[in-house]
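Next up, structure tokens for two forms of one chain, structure 1 and then structure 2.
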Structure 1
């Protein structure tokens, strides 16, 4: 078996989530990732829950990578990055618009060094348009892109989605665009600049609401209900919550038969939403979650228990799908980390090593790719241009 992106080298100049996660996706497909960090490491290393002083989310986003620490503020460090660009197929960056250009690392600068370079920029609002100068993180993007206005209930203010959707979907979109650009380069030999906006991506997440733009009421917040059909909601059982979603006439007929209600056309189901909710609430309250889930499935009704993260982490399905894997970290010991989302018969997904320490592979990478010997590396280290063991 051979990973589809084996032989592709990606230079990652990123921080936080979108850039590093896009690179991590490519690593799962077999690409070699050279992650360049400042000498103190990227800021996410110090976020939230930590394992031996390093953020758990950093461990998740940076498996499979080789870590290089370079002070790029001076000419010597910047020249090292230029040399690495010449040896790379792809560059990923997720800094604010204009930042890379100010460092002499914009696409127009680097394509002169490597005309075949695929340069992927992942930013809040993209590199064109009136918002391009704005700084933004996930919550701001969710608010500005309309997603937040659709999340929650009508009697409460807009609510952030519980995960960083702009970051995560932006990363996936970037990885997809890069694989397409690699195919284009294979056919034409030409590189290109990819310009991904998290604001654009969030617009796609809200695509189901766009048909309501011309209606008087517009799209709004309606909790766990569907905007057009019913029932769709959470129902409390004796020991938990059951999520139910009806999408077809067959589903609806099964629900009305299960609850002993009169049948109706799917197009009219929304008008009976309150009736369905009342009946489903009473039905679920008499059952355990497991029994309710089984009864729905037996009748062809899409339904499932609402699980907490702890339950998912211990779920047999999670481990059967290699959604979680246990990797041995050289200092922290065994870590449970997300596996590869890519599953196929020939390329099941690559998850081979834990996230690197700061500059862990600096000397190896500069020696292998650029031909630097020990004397040159020692000099760079002594002068504070590179870091690492």
Structure 2
């Protein structure tokens, strides 16, 4: 079968991560993405670690997309975008609040052209509220949403999550909201404005800790422990670090049996945390990570090693799940890229083409969607409205 969002057209006006990533997720689900960039390309093309002058991260974020280069600062370029909007189901943008409106590309402008348009804005703080004008990157959001205050230990300053949590989880939220809105549109024909705030989303992430706010211990940084259940921690083995996580009574019984300790109810386990940690530390210190992992699993205890980028890249499971894969770029050769997390019996997730060069598909897209002929395209190109070969 075709992928679930086959036939859905998404216009992406984004830069850096959140917008482009949300669009990539939709492409993994089968949507067609037209990425609109300024003539000099979007900002992330110039980021560190380059392949033939183009940032590697641009390649990671922009698989499956067709690239169109348009100078939207003038009327002719803007009108081209208006025409593309008429032909699209979804628009994704992640500019600072007010930027799109200043270009005549705000939701109120575009819904007049296409009432069925699903217009998704992904921004640091959303399009309303007192902070909407604030500029933000990932770590600013993690800091202001309480996430850093919950990460690490009390001995150190608040700590960010090593991966870009605000960017990525914001993008996933956009992808889920858009697929929801597509269902509504299919039923009613109506589009709408989706107003996602990365700050909302990181604050929502922290909600598991909200109940502890009103307790004497409060909600703070407690390393690798779980606030209500034990044991959960990292233990040093002879050659690495083992993570152990108890979630259910069955897991807890397996732990106490393995360590030769008295059984107890899951709800009481937290009060015995240091006892469990001491016993597990001694147990793990005598084993290699591999042996400890196997012993735990054989006994029904959830456990796993701490893997860095190198171990993940070498783990056969990562490749078996197609979460890392290699695509052949037409000029830069083979590139290792991220796969699709969306796997179902009717569609394994779409990863079909490498990221576009600047304006690589300008002519294809404008002729296919808008019916422009060569003469018109030459004229637009000559006057600097569009870019690409």
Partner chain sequence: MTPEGCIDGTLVIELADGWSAGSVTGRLLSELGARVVKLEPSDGDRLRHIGPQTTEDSSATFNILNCNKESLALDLRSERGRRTLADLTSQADILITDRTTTEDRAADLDLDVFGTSNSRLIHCHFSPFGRSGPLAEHSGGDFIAQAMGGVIATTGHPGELPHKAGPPLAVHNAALMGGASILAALFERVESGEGTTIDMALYDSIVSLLYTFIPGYFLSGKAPGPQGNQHPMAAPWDNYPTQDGWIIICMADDRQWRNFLDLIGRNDLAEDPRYMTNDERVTDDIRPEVNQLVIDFLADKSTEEALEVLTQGQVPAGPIYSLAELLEDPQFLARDMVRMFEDDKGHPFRTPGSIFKMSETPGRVYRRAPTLDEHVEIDL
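Positions refer to the first chain, counted from 1. Quick caveat: nothing in here was measured; it's all calculated off a predicted structure. Just so we're on the same page, rigid core means the largest C-alpha set that superposes within 1.5 Å between forms.
Between the two chain copies, the one drawn from the form predicted on its own is structure 1. A displacement of less than 2 angstroms separates the C-alpha positions of residue 188 between the two structures, with the rigid core held in common. Remark: with the core as the superposition reference, the CA shift of residue 248 between the two structures reaches 2 Å or more.
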